[in-house]
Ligand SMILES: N[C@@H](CCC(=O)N[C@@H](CS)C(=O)NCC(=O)O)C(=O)O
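Only one chain is shown below, in structure tokens, and it's the form predicted on its own.
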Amino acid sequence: MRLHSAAPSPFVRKVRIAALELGLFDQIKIIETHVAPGKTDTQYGETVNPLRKIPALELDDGTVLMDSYVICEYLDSLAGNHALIPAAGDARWNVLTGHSVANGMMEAAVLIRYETFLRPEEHRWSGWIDEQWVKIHTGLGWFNQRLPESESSLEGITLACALGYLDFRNPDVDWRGDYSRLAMWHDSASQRDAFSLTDPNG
């Protein structure tokens, strides 16, 4: 399998952690692929992912899986033990709901990065940036009251990636001071090998 990847991406990190936790990482070849607004990669769009997003996973038969959630669910099915996503019941819906919130926080953080780093300063929309931060802080508060039951579930992995990306791109934001339970959870989760090996801060 070939994973189209860029090290700073929290969505790529999610897949890498999932593969490590499931014992599948050795079966995956990492292909560095740089895509971002203003950086057109026509060949990647025509041959791999028409949306020019990462990650994308090319299987040995030529099939391409797109989107970090789809790839993680595929890897979970390949491992066959439902380690990332429970098979059924309340546990499944709780994990998927938590994943959606954490994933939305990551999306907001990446949009802030695009707006503040790639867009020319005179065209930046401060109100829109503030709205993304509201989403992130509301999500942080939600998780501070509702910690994931498992650090290695898809919910736990995605939350750790969201928090790690905040630390990586916005080290001046002291989210730990306001969300102490979540900070303790993240410190514990970060000790897992799969998390420390993929830490964007190196």
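Model, not experiment: these values are computed from the prediction. When you see a residue number, it is the position in the sequence shown, counting from 1.
The same protein also exists as the form predicted together with the named molecule; that form is not shown, yet it is the one meant from here on.
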Task: Which of 86-94, 122-130, 73-81, 107-115 sits within 4.5 Å of the named molecule in the predicted complex, heavy atom basis - done: 107-115
Task: Heavy atom within 4.5 Å of the named molecule in the predicted complex - residue from Glu151, Asp41, Glu58, Asp67 - done: Asp67
- [ ] Please run the contact check for Ile54 against the named molecule in the predicted complex: heavy atoms, 4.5 angstroms, yes or no?
- [x] yes
Open item on the list: Residue-level question: is Pro37 within 4.5 Å of the named molecule in the predicted complex, judged on heavy atoms?
Closed with: yes
TODO: Using the arrangement in the predicted complex, list in sequence order the residues of 17-32 with any heavy atom within 4.5 angstroms of the named molecule.
DONE: none
